[in-house]
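Quick setup: one chain, the form predicted alone, written in structure tokens, and binding and motion questions come after.
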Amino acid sequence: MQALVIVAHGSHLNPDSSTPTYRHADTIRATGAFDEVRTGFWKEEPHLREVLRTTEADEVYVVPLFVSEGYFTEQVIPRELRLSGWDVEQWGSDGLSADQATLTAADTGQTVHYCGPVGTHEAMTDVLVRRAETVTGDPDVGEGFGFAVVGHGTERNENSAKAIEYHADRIRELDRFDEVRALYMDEDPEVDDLPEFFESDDVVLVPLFIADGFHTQEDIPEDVGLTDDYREGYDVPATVDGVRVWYAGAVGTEPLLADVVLERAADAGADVENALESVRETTRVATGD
């Protein structure tokens, strides 16, 4: 038996924080690739420290639904799962290259294949691009458009900025969009000044966040100038200083993210080839392309 456990932060304050996690778990569960698909959270139930106890399989693939490597992926999750012998040096990561480590759960004896976060996997680039297709309703979107990938910035998490730059570079290499920029909330270049960084008349703005919350629903729309008050809503696209901004919301809400979860598990040895094909096809239907 093989099981998949998707772990995420969750929130006591935002009930929608866990919604993407449950949706991606449902998508993967429907493929039948795993005997069990479970979810665990740091700030919600079922809690990280209990999730392995609810899993019957002897072999478990754990995929963190996080944007970057850092405190949660390197300390909190391994500790709460009680992974014996965990040492972050096993990854030997440069902040982007965490792959997988095979360990034993101390209290259950299960073999755990602990994977790197979804946000640093190369397949996340495809999800960012799909997000542009979804928000514009155009599967061929690119020519005449700029693309902005947005995150917190290095003052909060150096590795978060690395992930943003990594995917911005990969999208730029596709030579699909006229311009591609990495922008930040907490440092230059700031998302507040988005029109200054683009010559394109249309710009797709995609936050590299797993779930829609305070930053993606309130801060970014107001900072960019999509609206003066997020409670009043805004148009998509909304024109800011002559630029039509197509605000896509958190990338983690895109159905194709389930594919990245499977890619992480596959990299760790899970047999999910048929599931990968199924999820890619399912999410194409879901987004209408």
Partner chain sequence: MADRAPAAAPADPPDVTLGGAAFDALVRALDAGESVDHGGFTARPADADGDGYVVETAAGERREGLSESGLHELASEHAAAVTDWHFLTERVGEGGPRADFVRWLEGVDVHGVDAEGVIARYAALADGAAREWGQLLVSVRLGDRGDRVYEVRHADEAGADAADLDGHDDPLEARRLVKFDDDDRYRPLKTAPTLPTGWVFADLDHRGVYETVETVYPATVANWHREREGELDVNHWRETMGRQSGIYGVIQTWDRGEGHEHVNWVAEATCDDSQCLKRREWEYDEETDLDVDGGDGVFPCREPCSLVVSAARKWTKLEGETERTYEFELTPSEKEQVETIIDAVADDRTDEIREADVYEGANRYRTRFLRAKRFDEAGNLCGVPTEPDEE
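All values derive from a computational prediction rather than experimental measurement. Numbering follows the first chain given and starts at 1.
The next section is about a form of this same protein that is not shown, the form predicted together with its partner chain.
With the partner removed from view, the residue among P46, G70, P255, P237 that has a non-hydrogen atom within 4.5 Å of its partner chain in the predicted complex turns out to be P46. Exactly one listed residue, out of D140, D107, E173, E122, brings a non-hydrogen atom to within 4.5 Å of its partner chain in the predicted complex: D107. In the predicted complex, its partner chain sits within 4.5 Å of a heavy atom belonging to R29. At a distance threshold of 4.5 angstroms between non-hydrogen atoms, D228 is out of contact with its partner chain in the predicted complex. Residue contact with its partner chain in the predicted complex: S18 places a heavy atom within 4.5 Å of it. A residue is said to contact a partner when one of its heavy atoms sits within 4.5 Å of a partner heavy atom; S11 meets this definition for its partner chain in the predicted complex. Only one of 38-46, 244-252, 229-237, 60-68 lies within 4.5 Å of its partner chain in the predicted complex by heavy atoms, and it is 38-46.
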